[in-house]
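There is one chain below, alone, in structure tokens, taken in the form predicted on its own.
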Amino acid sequence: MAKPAASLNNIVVCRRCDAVLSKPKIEPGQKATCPGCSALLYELKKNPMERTMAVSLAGLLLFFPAILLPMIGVSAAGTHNEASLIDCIIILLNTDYHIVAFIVFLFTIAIPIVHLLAAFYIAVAVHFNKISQSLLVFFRSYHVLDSWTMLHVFFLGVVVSIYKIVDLAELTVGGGLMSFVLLLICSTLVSVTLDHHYVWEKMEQALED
């Protein structure tokens, strides 16, 4: 039974033209393309686990200033108000917008921090070869989180709000907004640096041994 599994590991299917091909051997930093339609088959990124660990750790360190520090200050009619992301959620709760508060919390705090923690855990486990059957299930679940992080949607809402009130009041940008932008960049980079093909390959090798 081991022989067919080993042969399947050397086969790759083109997503564009469905051609079944022998898996070409490439070096880190190179891409394999389909000889029939030139579509990308897969690529090997350079130092994917080390980069993912660094970017996800930076994102985790930025997370708390991003949600706790004031994002925007508004001055008008002799008064000045500042609000952080946490303040926004509390205000929504106090004004009985419980569902909206829950959605904001879920997509801007809960899922992004779990996404970063999961990426860091996967990168550490693969880098130090601590691969188990449970990591395989965990990595499958990570793909779901990858598509539910909505930091960019919240940031777009902040930008639209700034545009609408910039002529009505004096605005100041707080450390929370700067941290949030950097967090958004880290969250995006994690999806870029984490090499799924490399992780699957390492898991297959470890679980077959």
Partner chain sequence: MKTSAKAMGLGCCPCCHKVVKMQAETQQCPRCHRSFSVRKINSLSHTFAWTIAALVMLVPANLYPMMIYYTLGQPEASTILEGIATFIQFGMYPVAIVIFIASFVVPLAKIIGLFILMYHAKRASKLTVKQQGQLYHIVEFLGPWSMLDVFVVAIMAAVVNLGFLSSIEAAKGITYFGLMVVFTMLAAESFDARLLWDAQDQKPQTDDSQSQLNQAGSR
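Because the structure is a prediction, the values reported are computed rather than measured. We call the rigid core whatever largest set of C-alpha positions still superposes within 1.5 Å between the two forms. Residue numbers count along the first chain shown, from 1.
If you look for the form predicted in complex with the partner chain, you will not find it shown, but the lines that follow are about it.
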Quiz item: Any chance Met150 has a heavy atom within 4.5 Å of the partner chain in the model of the complex?
Solution: yes
Quiz prompt | Val173 within 4.5 Å of the partner chain in the model of the complex, heavy atoms | solution = no
Quiz item: Can any non-hydrogen atom of Ala118 be found within 4.5 angstroms of the partner chain in the model of the complex?
Solution: no
Practice problem: Mark Ala19 yes when one of its heavy atoms lies within 4.5 Å of a heavy atom of the partner chain in the model of the complex, and no otherwise. | Solution: yes
Self-check item: Listed residue that, although the partner chain is not shown, lies within 4.5 Å of it in the model of the complex (heavy atoms), from Ile103, Val124, Leu93, Ala110
Solution: Ile103
Quiz item: Out of Leu68, Met178, Ile26, Leu156, which one falls within 4.5 Å of the partner chain in the model of the complex, going by heavy atoms?
Solution: Leu156
Quiz item: Though the partner is not shown here, which residues of 157-185 have a heavy atom within 4.5 Å of the partner chain in the model of the complex?
Solution: Gly157, Val158, Val160, Ser161, Tyr163, Lys164, Ile165, Asp167, Leu168, Ala169
Quiz item: Core-aligned, is the CA shift for Thr95 between the shown form and the other one 2 angstroms or more?
Solution: no
Quiz item: Does the C-alpha of Gly36 move 2 Å or more between the shown form and the other one once the rigid core is lined up?
Solution: yes
